[in-house]
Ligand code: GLC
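In C-alpha coordinates, one chain follows: the form predicted alone.
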(Lines give C-alpha, C1' and ligand atoms only; values in the text may rest on other atoms or scores of the structure.)
Protein backbone atom coordinates (compact mmCIF):
# COMPACT_ATOMS: atom_id res chain seq x y z
CA UNK A 1 0.00 0.00 0.00
CA UNK A 2 1.19 3.54 -0.64
CA UNK A 3 -0.06 5.02 2.65
CA UNK A 4 3.35 6.38 3.66
CA UNK A 5 5.00 6.85 0.30
CA UNK A 6 7.58 9.66 0.35
CA UNK A 7 6.10 11.29 -2.74
CA UNK A 8 2.82 12.02 -0.92
CA UNK A 9 4.69 14.55 1.25
CA UNK A 10 6.94 15.73 -1.56
CA UNK A 11 7.00 18.86 -3.65
CA UNK A 12 8.57 18.31 -7.08
CA UNK A 13 10.37 20.95 -9.13
CA UNK A 14 10.48 20.68 -12.91
CA UNK A 15 13.61 21.77 -14.73
CA UNK A 16 13.78 22.39 -18.47
CA UNK A 17 17.55 21.76 -18.67
CA UNK A 18 18.15 23.77 -21.85
CA UNK A 19 16.90 26.92 -20.09
CA UNK A 20 17.89 26.50 -16.44
CA UNK A 21 21.61 27.23 -15.97
CA UNK A 22 24.50 27.26 -18.44
CA UNK A 23 27.88 26.23 -16.99
CA UNK A 24 30.04 26.33 -20.14
CA UNK A 25 28.65 29.58 -21.63
CA UNK A 26 27.52 28.06 -24.93
CA UNK A 27 24.04 29.56 -24.46
CA UNK A 28 22.41 26.23 -23.55
CA UNK A 29 21.65 25.06 -20.03
CA UNK A 30 23.35 21.84 -18.92
CA UNK A 31 23.72 19.28 -16.12
CA UNK A 32 26.69 21.03 -14.50
CA UNK A 33 24.58 24.19 -14.47
CA UNK A 34 21.90 22.32 -12.51
CA UNK A 35 24.52 20.97 -10.09
CA UNK A 36 25.66 24.56 -9.47
CA UNK A 37 22.10 25.54 -8.44
CA UNK A 38 21.32 22.68 -6.03
CA UNK A 39 21.74 25.04 -3.04
CA UNK A 40 18.95 27.20 -4.47
CA UNK A 41 16.64 24.18 -4.82
CA UNK A 42 17.43 22.98 -1.32
CA UNK A 43 16.74 26.49 0.03
CA UNK A 44 13.33 26.44 -1.69
CA UNK A 45 12.65 23.10 0.02
CA UNK A 46 11.80 20.79 -2.87
CA UNK A 47 12.20 17.03 -2.50
CA UNK A 48 12.74 16.00 -6.11
CA UNK A 49 13.62 17.46 -9.48
CA UNK A 50 11.97 16.27 -12.67
CA UNK A 51 14.28 16.88 -15.61
CA UNK A 52 12.78 17.29 -19.05
CA UNK A 53 14.60 14.85 -21.37
CA UNK A 54 18.39 14.85 -21.25
CA UNK A 55 18.98 11.62 -23.19
CA UNK A 56 20.80 11.68 -26.51
CA UNK A 57 18.60 13.24 -29.19
CA UNK A 58 18.73 15.05 -32.54
CA UNK A 59 16.50 17.64 -30.78
CA UNK A 60 13.80 17.71 -33.44
CA UNK A 61 11.29 18.10 -30.60
CA UNK A 62 13.54 19.44 -27.84
CA UNK A 63 14.67 16.03 -26.64
CA UNK A 64 11.32 14.23 -26.82
CA UNK A 65 12.86 12.34 -29.73
CA UNK A 66 15.40 10.02 -28.08
CA UNK A 67 18.13 8.37 -30.13
CA UNK A 68 19.85 6.65 -27.18
CA UNK A 69 18.02 6.02 -23.89
CA UNK A 70 21.26 5.10 -22.12
CA UNK A 71 23.36 8.12 -22.94
CA UNK A 72 23.18 11.88 -22.32
CA UNK A 73 22.94 14.43 -25.11
CA UNK A 74 26.32 16.20 -25.45
CA UNK A 75 24.44 19.51 -25.32
CA UNK A 76 23.76 18.79 -21.63
CA UNK A 77 26.99 16.99 -20.74
CA UNK A 78 27.99 13.37 -20.26
CA UNK A 79 26.73 10.26 -18.53
CA UNK A 80 29.31 11.01 -15.82
CA UNK A 81 27.71 14.45 -15.33
CA UNK A 82 24.33 12.75 -14.91
CA UNK A 83 25.74 10.33 -12.33
CA UNK A 84 27.31 13.29 -10.51
CA UNK A 85 23.98 15.15 -10.53
CA UNK A 86 22.17 12.15 -9.01
CA UNK A 87 24.90 11.87 -6.35
CA UNK A 88 25.15 15.59 -5.53
CA UNK A 89 21.38 16.10 -5.50
CA UNK A 90 21.18 13.25 -2.98
CA UNK A 91 23.47 15.22 -0.65
CA UNK A 92 20.86 18.02 -0.76
CA UNK A 93 18.07 15.49 -0.06
CA UNK A 94 16.79 15.89 -3.61
CA UNK A 95 15.91 12.98 -5.87
CA UNK A 96 16.28 13.14 -9.66
CA UNK A 97 13.26 12.16 -11.76
CA UNK A 98 13.94 11.36 -15.42
CA UNK A 99 11.63 12.10 -18.31
CA UNK A 100 11.17 8.94 -20.37
CA UNK A 101 9.61 8.91 -23.82
CA UNK A 102 8.31 5.37 -24.33
CA UNK A 103 5.63 5.99 -26.96
CA UNK A 104 8.12 6.78 -29.73
CA UNK A 105 11.83 7.09 -30.39
CA UNK A 106 13.84 9.26 -32.73
CA UNK A 107 14.18 8.05 -36.30
CA UNK A 108 17.93 8.23 -35.57
CA UNK A 109 17.70 5.56 -32.85
CA UNK A 110 19.62 2.45 -33.91
CA UNK A 111 16.42 0.40 -33.56
CA UNK A 112 14.76 2.45 -36.29
CA UNK A 113 17.89 2.57 -38.44
CA UNK A 114 17.81 -1.24 -38.39
CA UNK A 115 14.01 -1.40 -38.78
CA UNK A 116 14.23 0.47 -42.09
CA UNK A 117 16.73 -1.97 -43.60
CA UNK A 118 14.25 -4.74 -44.37
CA UNK A 119 10.93 -6.22 -43.35
CA UNK A 120 12.82 -9.28 -42.07
CA UNK A 121 15.13 -7.27 -39.79
CA UNK A 122 14.56 -8.27 -36.12
CA UNK A 123 14.05 -4.58 -35.25
CA UNK A 124 11.42 -3.99 -37.94
CA UNK A 125 8.63 -5.03 -35.60
CA UNK A 126 9.78 -2.56 -32.91
CA UNK A 127 7.76 0.04 -34.85
CA UNK A 128 4.28 0.30 -36.37
CA UNK A 129 4.28 -0.42 -40.11
CA UNK A 130 1.52 -0.83 -42.67
CA UNK A 131 1.63 -1.83 -46.32
CA UNK A 132 0.28 0.67 -48.81
CA UNK A 133 0.79 2.64 -51.95
CA UNK A 134 2.83 5.82 -52.10
CA UNK A 135 0.55 8.84 -51.83
CA UNK A 136 -2.32 6.81 -50.32
CA UNK A 137 -1.73 6.44 -46.56
CA UNK A 138 -3.45 3.56 -44.70
CA UNK A 139 -5.98 6.03 -43.24
CA UNK A 140 -6.48 9.75 -42.71
CA UNK A 141 -5.06 10.00 -39.17
CA UNK A 142 -3.22 13.26 -38.52
CA UNK A 143 -0.03 13.87 -36.54
CA UNK A 144 -0.17 16.22 -33.55
CA UNK A 145 2.34 18.58 -35.17
CA UNK A 146 0.44 18.69 -38.47
CA UNK A 147 0.29 16.54 -41.59
CA UNK A 148 -0.42 12.83 -41.98
CA UNK A 149 0.47 10.41 -39.18
CA UNK A 150 1.90 8.05 -41.83
CA UNK A 151 5.27 8.37 -43.54
CA UNK A 152 6.21 6.45 -46.70
CA UNK A 153 9.51 4.54 -46.81
CA UNK A 154 10.18 3.75 -50.50
CA UNK A 155 12.81 1.06 -49.88
CA UNK A 156 10.29 -1.00 -47.86
CA UNK A 157 7.14 -0.01 -49.77
CA UNK A 158 5.57 0.58 -46.33
CA UNK A 159 4.34 3.40 -44.14
CA UNK A 160 5.39 3.89 -40.52
CA UNK A 161 3.10 5.51 -37.96
CA UNK A 162 4.08 8.68 -36.03
CA UNK A 163 1.74 10.55 -33.73
CA UNK A 164 4.10 13.52 -33.48
CA UNK A 165 6.94 14.66 -35.76
CA UNK A 166 7.90 12.58 -38.79
CA UNK A 167 11.21 12.09 -36.94
CA UNK A 168 9.37 10.43 -34.01
CA UNK A 169 8.23 6.96 -35.18
CA UNK A 170 5.86 5.25 -32.75
CA UNK A 171 7.12 2.17 -30.92
CA UNK A 172 5.16 -1.08 -31.23
CA UNK A 173 4.27 -2.13 -27.70
CA UNK A 174 2.60 -5.28 -29.02
CA UNK A 175 6.11 -6.68 -29.46
CA UNK A 176 7.30 -8.38 -26.22
CA UNK A 177 10.96 -8.04 -27.27
CA UNK A 178 10.58 -4.27 -27.50
CA UNK A 179 8.92 -4.17 -24.08
CA UNK A 180 11.78 -6.19 -22.57
CA UNK A 181 14.36 -3.79 -24.06
CA UNK A 182 12.49 -0.90 -22.44
CA UNK A 183 12.38 -2.66 -19.04
CA UNK A 184 16.09 -3.46 -19.18
CA UNK A 185 16.85 0.20 -19.93
CA UNK A 186 14.65 1.47 -17.07
CA UNK A 187 16.24 -0.95 -14.60
CA UNK A 188 19.67 0.28 -15.72
CA UNK A 189 18.63 3.83 -14.72
CA UNK A 190 17.12 2.59 -11.45
CA UNK A 191 20.48 1.00 -10.65
CA UNK A 192 22.09 4.41 -11.20
CA UNK A 193 19.98 5.81 -8.38
CA UNK A 194 17.27 7.87 -10.05
CA UNK A 195 14.29 8.68 -7.84
CA UNK A 196 11.58 8.10 -10.41
CA UNK A 197 10.27 8.74 -13.88
CA UNK A 198 7.85 11.03 -15.66
CA UNK A 199 6.40 9.11 -18.61
CA UNK A 200 5.66 11.18 -21.69
CA UNK A 201 2.24 10.61 -23.36
CA UNK A 202 2.11 7.20 -21.69
CA UNK A 203 -1.60 6.79 -22.43
CA UNK A 204 -0.71 6.47 -26.13
CA UNK A 205 1.52 3.37 -25.99
CA UNK A 206 -1.41 1.00 -26.67
CA UNK A 207 -2.49 2.73 -29.86
CA UNK A 208 -4.46 0.84 -32.51
CA UNK A 209 -4.03 2.99 -35.64
CA UNK A 210 -6.18 0.75 -37.86
CA UNK A 211 -9.11 1.64 -35.62
CA UNK A 212 -8.11 5.28 -35.22
CA UNK A 213 -7.27 4.71 -31.51
CA UNK A 214 -4.35 6.76 -30.21
CA UNK A 215 -4.89 6.94 -26.44
CA UNK A 216 -6.49 4.65 -23.86
CA UNK A 217 -6.15 1.60 -26.12
CA UNK A 218 -7.58 -1.69 -24.84
CA UNK A 219 -4.23 -3.09 -23.64
CA UNK A 220 -2.97 0.11 -21.97
CA UNK A 221 -3.41 -0.94 -18.35
CA UNK A 222 -2.12 -4.43 -19.05
CA UNK A 223 1.08 -2.90 -20.44
CA UNK A 224 1.39 -0.50 -17.50
CA UNK A 225 0.98 -3.27 -14.93
CA UNK A 226 3.69 -5.31 -16.64
CA UNK A 227 5.95 -2.24 -16.88
CA UNK A 228 5.48 -1.52 -13.16
CA UNK A 229 6.02 -5.15 -12.14
CA UNK A 230 9.21 -5.47 -14.20
CA UNK A 231 10.72 -2.12 -13.18
CA UNK A 232 9.15 0.45 -10.85
CA UNK A 233 8.17 -1.92 -8.05
CA UNK A 234 11.81 -2.88 -7.60
CA UNK A 235 12.64 0.44 -5.89
CA UNK A 236 11.06 3.25 -3.87
CA UNK A 237 10.25 5.46 -6.85
CA UNK A 238 7.76 8.11 -7.87
CA UNK A 239 6.18 7.58 -11.29
CA UNK A 240 3.93 10.07 -13.03
CA UNK A 241 2.32 9.48 -16.40
CA UNK A 242 1.33 12.23 -18.82
CA UNK A 243 -2.24 11.31 -19.77
CA UNK A 244 -4.13 13.96 -21.73
CA UNK A 245 -7.09 11.61 -22.07
CA UNK A 246 -7.36 10.70 -18.38
CA UNK A 247 -10.70 10.84 -16.56
CA UNK A 248 -11.11 10.39 -12.82
CA UNK A 249 -12.14 6.78 -13.43
CA UNK A 250 -9.03 6.07 -15.50
CA UNK A 251 -6.86 7.93 -12.98
CA UNK A 252 -8.01 5.50 -10.28
CA UNK A 253 -6.52 2.69 -12.39
CA UNK A 254 -3.28 4.57 -13.05
CA UNK A 255 -2.75 5.65 -9.43
CA UNK A 256 -4.40 2.77 -7.57
CA UNK A 257 -3.02 2.61 -4.01
CA UNK A 258 -2.08 -1.04 -4.65
CA UNK A 259 0.89 0.38 -6.58
CA UNK A 260 0.17 -1.85 -9.60
CA UNK A 261 0.65 0.92 -12.19
CA UNK A 262 1.92 4.45 -11.41
CA UNK A 263 2.09 6.83 -8.45
CA UNK A 264 -0.05 9.43 -10.25
CA UNK A 265 -0.85 10.98 -13.62
CA UNK A 266 -0.81 14.43 -15.10
CA UNK A 267 -4.32 15.11 -16.33
CA UNK A 268 -5.16 18.30 -18.18
CA UNK A 269 -8.88 18.83 -17.77
CA UNK A 270 -8.42 22.13 -15.90
CA UNK A 271 -5.72 23.28 -18.33
CA UNK A 272 -7.90 22.91 -21.45
CA UNK A 273 -10.76 25.10 -20.22
CA UNK A 274 -9.73 28.38 -21.88
CA UNK A 275 -10.10 27.31 -25.49
CA UNK A 276 -13.14 27.26 -27.73
CA UNK A 277 -15.06 24.01 -27.44
CA UNK A 278 -14.07 21.48 -30.07
CA UNK A 279 -11.24 23.74 -31.28
CA UNK A 280 -7.48 23.89 -30.81
CA UNK A 281 -5.63 25.42 -27.87
CA UNK A 282 -4.86 28.46 -30.06
CA UNK A 283 -8.56 29.30 -30.30
CA UNK A 284 -8.74 31.40 -27.17
CA UNK A 285 -11.79 31.63 -24.93
CA UNK A 286 -12.36 33.20 -21.48
CA UNK A 287 -11.76 30.87 -18.54
CA UNK A 288 -15.10 29.47 -17.27
CA UNK A 289 -14.32 30.00 -13.57
CA UNK A 290 -17.19 27.95 -12.11
CA UNK A 291 -16.14 25.06 -14.34
CA UNK A 292 -12.55 25.38 -13.12
CA UNK A 293 -13.74 25.00 -9.53
CA UNK A 294 -15.94 22.06 -10.46
CA UNK A 295 -13.07 20.26 -12.23
CA UNK A 296 -10.64 20.69 -9.33
CA UNK A 297 -13.27 19.65 -6.78
CA UNK A 298 -14.23 16.55 -8.76
CA UNK A 299 -10.63 15.34 -9.04
CA UNK A 300 -10.06 16.05 -5.34
CA UNK A 301 -13.22 14.21 -4.28
CA UNK A 302 -13.15 11.24 -6.61
CA UNK A 303 -9.50 10.30 -6.11
CA UNK A 304 -9.69 10.65 -2.32
CA UNK A 305 -8.52 7.33 -0.86
CA UNK A 306 -8.61 5.70 -4.32
CA UNK A 307 -5.76 7.36 -6.17
CA UNK A 308 -3.48 10.38 -6.06
CA UNK A 309 -3.51 13.79 -7.75
CA UNK A 310 -0.74 15.74 -9.44
CA UNK A 311 -1.14 19.45 -8.74
CA UNK A 312 0.21 21.90 -11.31
CA UNK A 313 -0.45 25.13 -13.17
CA UNK A 314 2.64 25.18 -15.38
CA UNK A 315 5.01 22.93 -17.29
CA UNK A 316 7.31 23.06 -20.31
CA UNK A 317 4.32 22.82 -22.68
CA UNK A 318 2.11 25.46 -21.05
CA UNK A 319 2.07 29.25 -20.83
CA UNK A 320 2.96 30.94 -17.54
CA UNK A 321 -0.03 30.86 -15.18
CA UNK A 322 0.48 34.42 -13.93
CA UNK A 323 0.09 35.68 -17.52
CA UNK A 324 -2.60 33.17 -18.43
CA UNK A 325 -5.19 33.46 -15.67
CA UNK A 326 -3.57 36.00 -13.37
CA UNK A 327 -2.23 39.50 -13.87
CA UNK A 328 1.36 39.91 -15.03
CA UNK A 329 1.26 43.69 -14.61
CA UNK A 330 0.09 45.62 -11.53
CA UNK A 331 -0.91 42.53 -9.53
CA UNK A 332 1.78 40.11 -10.69
CA UNK A 333 3.09 39.41 -7.18
CA UNK A 334 -0.38 39.07 -5.62
CA UNK A 335 -1.77 36.84 -8.36
CA UNK A 336 1.35 34.62 -8.50
CA UNK A 337 1.06 34.03 -4.74
CA UNK A 338 -2.69 33.43 -5.05
CA UNK A 339 -2.10 30.59 -7.53
CA UNK A 340 0.50 29.09 -5.20
CA UNK A 341 -1.74 29.21 -2.11
CA UNK A 342 -4.76 27.92 -4.03
CA UNK A 343 -2.92 24.89 -5.42
CA UNK A 344 -0.68 23.92 -2.51
CA UNK A 345 -3.57 23.53 -0.10
CA UNK A 346 -5.08 20.71 -2.18
CA UNK A 347 -4.45 16.99 -1.88
CA UNK A 348 -1.81 15.63 -4.22
CA UNK A 349 1.82 16.19 -5.11
CA UNK A 350 2.52 19.80 -6.16
CA UNK A 351 4.80 20.46 -9.14
CA UNK A 352 6.60 23.79 -9.41
CA UNK A 353 7.86 24.64 -12.89
CA UNK A 354 11.15 26.54 -12.98
CA UNK A 355 10.56 30.27 -12.54
CA UNK A 356 6.99 29.80 -11.32
CA UNK A 357 8.31 30.42 -7.81
CA UNK A 358 9.51 33.83 -9.06
CA UNK A 359 6.32 34.76 -10.90
CA UNK A 360 8.03 34.59 -14.31
CA UNK A 361 5.73 35.74 -17.13
CA UNK A 362 4.93 34.93 -20.75
CA UNK A 363 7.23 36.50 -23.34
CA UNK A 364 5.96 38.74 -26.12
CA UNK A 365 8.33 38.03 -29.03
CA UNK A 366 8.42 38.51 -32.78
CA UNK A 367 7.92 35.29 -34.75
CA UNK A 368 11.66 35.15 -35.63
CA UNK A 369 12.50 34.88 -31.91
CA UNK A 370 10.46 31.70 -31.31
CA UNK A 371 12.13 28.28 -31.44
CA UNK A 372 9.28 25.82 -30.81
CA UNK A 373 8.38 23.55 -33.76
CA UNK A 374 4.67 23.59 -32.81
CA UNK A 375 4.57 27.40 -32.70
CA UNK A 376 6.40 27.87 -36.01
CA UNK A 377 4.23 25.29 -37.79
CA UNK A 378 1.06 26.90 -36.41
CA UNK A 379 2.17 30.33 -37.65
CA UNK A 380 2.67 29.07 -41.21
CA UNK A 381 -0.51 26.97 -41.27
CA UNK A 382 -2.77 29.75 -40.02
CA UNK A 383 -1.34 32.37 -42.35
CA UNK A 384 -1.90 29.97 -45.26
CA UNK A 385 -5.51 29.49 -44.10
CA UNK A 386 -6.07 33.26 -44.25
CA UNK A 387 -5.89 34.14 -40.53
CA UNK A 388 -4.73 37.70 -39.79
CA UNK A 389 -1.11 37.87 -38.65
CA UNK A 390 -1.99 39.89 -35.52
CA UNK A 391 -4.59 37.28 -34.46
CA UNK A 392 -2.10 34.45 -34.96
CA UNK A 393 0.51 36.34 -32.92
CA UNK A 394 -2.06 36.98 -30.15
CA UNK A 395 -2.60 33.21 -29.93
CA UNK A 396 1.16 32.56 -29.89
CA UNK A 397 1.78 35.18 -27.20
CA UNK A 398 -0.94 33.53 -25.10
CA UNK A 399 -0.23 29.84 -25.63
CA UNK A 400 3.18 29.16 -27.21
CA UNK A 401 5.22 26.51 -25.45
CA UNK A 402 8.20 28.89 -25.65
CA UNK A 403 6.54 31.04 -22.95
CA UNK A 404 7.73 28.39 -20.50
CA UNK A 405 11.08 27.86 -22.15
CA UNK A 406 12.69 31.30 -21.85
CA UNK A 407 15.83 31.13 -19.68
CA UNK A 408 15.62 31.07 -15.90
CA UNK A 409 16.06 34.56 -14.47
CA UNK A 410 18.74 34.29 -11.77
CA UNK A 411 19.83 37.90 -11.34
CA UNK A 412 19.80 41.30 -13.05
CA UNK A 413 23.13 40.74 -14.81
CA UNK A 414 23.72 39.87 -18.45
CA UNK A 415 21.07 37.44 -19.78
CA UNK A 416 19.55 37.24 -16.32
CA UNK A 417 22.56 35.27 -15.06
CA UNK A 418 21.61 32.31 -17.26
CA UNK A 419 24.64 32.46 -19.57
CA UNK A 420 27.48 34.71 -20.64
CA UNK A 421 27.08 33.32 -24.16
CA UNK A 422 24.30 33.92 -26.68
CA UNK A 423 21.20 32.22 -25.19
CA UNK A 424 19.55 29.59 -27.41
CA UNK A 425 16.31 31.54 -27.00
CA UNK A 426 15.98 35.16 -25.98
CA UNK A 427 15.76 35.94 -22.25
CA UNK A 428 12.52 37.64 -21.23
CA UNK A 429 13.50 41.35 -21.02
CA UNK A 430 11.82 41.72 -17.60
CA UNK A 431 14.66 39.80 -15.87
CA UNK A 432 15.99 42.98 -14.23
CA UNK A 433 12.74 43.23 -12.28
CA UNK A 434 11.96 39.51 -11.91
CA UNK A 435 14.88 37.38 -10.74
CA UNK A 436 15.85 34.92 -8.05
CA UNK A 437 18.57 37.01 -6.39
CA UNK A 438 16.13 39.84 -5.71
CA UNK A 439 13.51 37.49 -4.24
CA UNK A 440 15.59 35.20 -2.00
CA UNK A 441 16.49 38.13 0.27
CA UNK A 442 12.96 39.61 0.28
CA UNK A 443 10.90 37.88 2.98
CA UNK A 444 7.70 39.01 1.24
CA UNK A 445 8.61 37.65 -2.20
CA UNK A 446 6.84 35.03 -4.31
CA UNK A 447 9.85 32.74 -3.76
CA UNK A 448 9.41 32.94 0.01
CA UNK A 449 5.66 32.36 -0.30
CA UNK A 450 6.40 29.05 -2.07
CA UNK A 451 9.05 28.23 0.52
CA UNK A 452 6.53 28.75 3.34
CA UNK A 453 3.89 26.61 1.61
CA UNK A 454 6.40 23.77 1.20
CA UNK A 455 7.26 24.06 4.91
CA UNK A 456 3.57 23.87 5.93
CA UNK A 457 3.12 20.76 3.80
CA UNK A 458 5.81 19.03 5.84
CA UNK A 459 4.48 20.31 9.15
CA UNK A 460 0.72 19.63 8.96
CA UNK A 461 -0.58 16.14 8.02
CA UNK A 462 -3.92 17.69 6.93
CA UNK A 463 -2.21 18.78 3.70
CA UNK A 464 -1.54 15.14 2.84
CA UNK A 465 -4.59 13.24 4.08
CA UNK A 466 -7.31 15.81 4.77
CA UNK A 467 -10.70 15.46 3.06
CA UNK A 468 -11.58 18.18 0.53
CA UNK A 469 -14.81 20.23 0.43
CA UNK A 470 -15.51 23.00 -2.08
CA UNK A 471 -17.18 26.11 -0.62
CA UNK A 472 -19.11 28.82 -2.47
CA UNK A 473 -19.37 26.66 -5.59
CA UNK A 474 -21.52 29.26 -7.41
CA UNK A 475 -19.48 32.33 -6.43
CA UNK A 476 -18.22 34.03 -9.60
CA UNK A 477 -15.07 35.47 -7.97
CA UNK A 478 -13.98 33.37 -4.98
CA UNK A 479 -12.33 29.95 -4.96
CA UNK A 480 -12.63 28.59 -1.42
CA UNK A 481 -12.32 25.13 0.07
CA UNK A 482 -11.56 23.26 3.26
CA UNK A 483 -9.32 20.30 4.01
CA UNK A 484 -10.10 18.42 7.18
CA UNK A 485 -8.79 15.49 9.19
CA UNK A 486 -9.52 14.41 12.76
CA UNK A 487 -7.10 16.96 14.25
CA UNK A 488 -7.09 19.94 11.92
CA UNK A 489 -9.25 22.14 9.70
CA UNK A 490 -7.57 24.02 6.86
CA UNK A 491 -9.44 26.77 4.99
CA UNK A 492 -8.25 28.37 1.74
CA UNK A 493 -9.99 31.49 0.40
CA UNK A 494 -8.89 33.10 -2.87
CA UNK A 495 -10.22 36.02 -4.86
CA UNK A 496 -9.46 34.89 -8.42
CA UNK A 497 -9.87 38.33 -10.04
CA UNK A 498 -8.55 41.90 -9.96
CA UNK A 499 -11.43 43.54 -8.12
CA UNK A 500 -12.31 43.84 -4.44
CA UNK A 501 -15.15 41.53 -3.32
CA UNK A 502 -16.92 40.79 -0.07
CA UNK A 503 -15.80 37.67 1.78
CA UNK A 504 -18.84 35.68 2.91
CA UNK A 505 -16.75 33.46 5.20
CA UNK A 506 -15.73 35.94 7.91
CA UNK A 507 -17.64 34.02 10.59
CA UNK A 508 -15.86 30.79 9.68
CA UNK A 509 -12.43 32.36 10.04
CA UNK A 510 -13.04 34.16 13.32
CA UNK A 511 -11.69 31.25 15.39
CA UNK A 512 -8.93 30.27 12.94
CA UNK A 513 -5.26 31.19 12.74
CA UNK A 514 -4.11 32.93 9.54
CA UNK A 515 -1.32 30.71 8.25
CA UNK A 516 -0.32 32.62 5.13
CA UNK A 517 -1.67 35.47 3.01
CA UNK A 518 -0.53 37.46 -0.01
CA UNK A 519 -1.42 40.84 1.52
CA UNK A 520 -0.63 42.73 4.71
CA UNK A 521 -2.16 40.47 7.34
CA UNK A 522 -3.70 43.25 9.44
CA UNK A 523 -6.33 44.46 6.99
CA UNK A 524 -10.11 44.03 6.95
CA UNK A 525 -11.28 40.40 6.95
CA UNK A 526 -14.67 41.25 5.44
CA UNK A 527 -13.20 42.18 2.05
CA UNK A 528 -10.93 40.34 -0.36
CA UNK A 529 -8.69 42.67 -2.33
CA UNK A 530 -7.65 41.92 -5.95
CA UNK A 531 -6.22 38.37 -6.11
CA UNK A 532 -6.19 38.18 -2.31
CA UNK A 533 -5.49 34.69 -0.97
CA UNK A 534 -5.59 33.48 2.61
CA UNK A 535 -4.94 30.13 4.21
CA UNK A 536 -6.31 29.53 7.72
CA UNK A 537 -5.71 26.68 10.15
CA UNK A 538 -7.57 25.48 13.23
CA UNK A 539 -6.32 22.65 15.38
CA UNK A 540 -9.22 20.87 17.06
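Residue numbers count along the first chain shown, from 1. Quick caveat, the model's predicted, so the values are computed rather than measured.
A second form of this protein, the form predicted in complex with the ligand, is not displayed here; the remarks below concern that form.
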### Query
Which of these stretches, 433-441, 360-368, 400-408, 327-335, has heavy atoms within 4.5 Å of the ligand in the predicted complex?
400-408
### Query
Any chance all of 7, 95 and 189 sit within 4.5 Å of the ligand in the predicted complex, going by non-hydrogen atoms?
no
### Task
Could you check which residue among 349, 255, 314, 168 gets a heavy atom within 4.5 Å of the ligand in the predicted complex?
168
### Task
State the residue from 320, 162, 457, 198 whose non-hydrogen atoms include one within 4.5 Å of the ligand in the predicted complex.
198
### Residue contact check: residue 356 to the ligand in the predicted complex, 4.5 Å heavy atom
no
#### Entry: Contact label in the predicted complex: residue 64 to the ligand, heavy atom within 4.5 Å
yes
### Task
State yes or no: in the predicted complex, is some non-hydrogen atom of residue 207 no more than 4.5 angstroms from a non-hydrogen atom of the ligand?
no
### Query
Taking 4.5 angstroms as the cut-off for heavy atoms, does residue 244 touch the ligand in the predicted complex?
yes
### Query
Is any part of 91-114 within 4.5 angstroms of the ligand in the predicted complex by a non-hydrogen atom, and which residues would that be?
101, 104
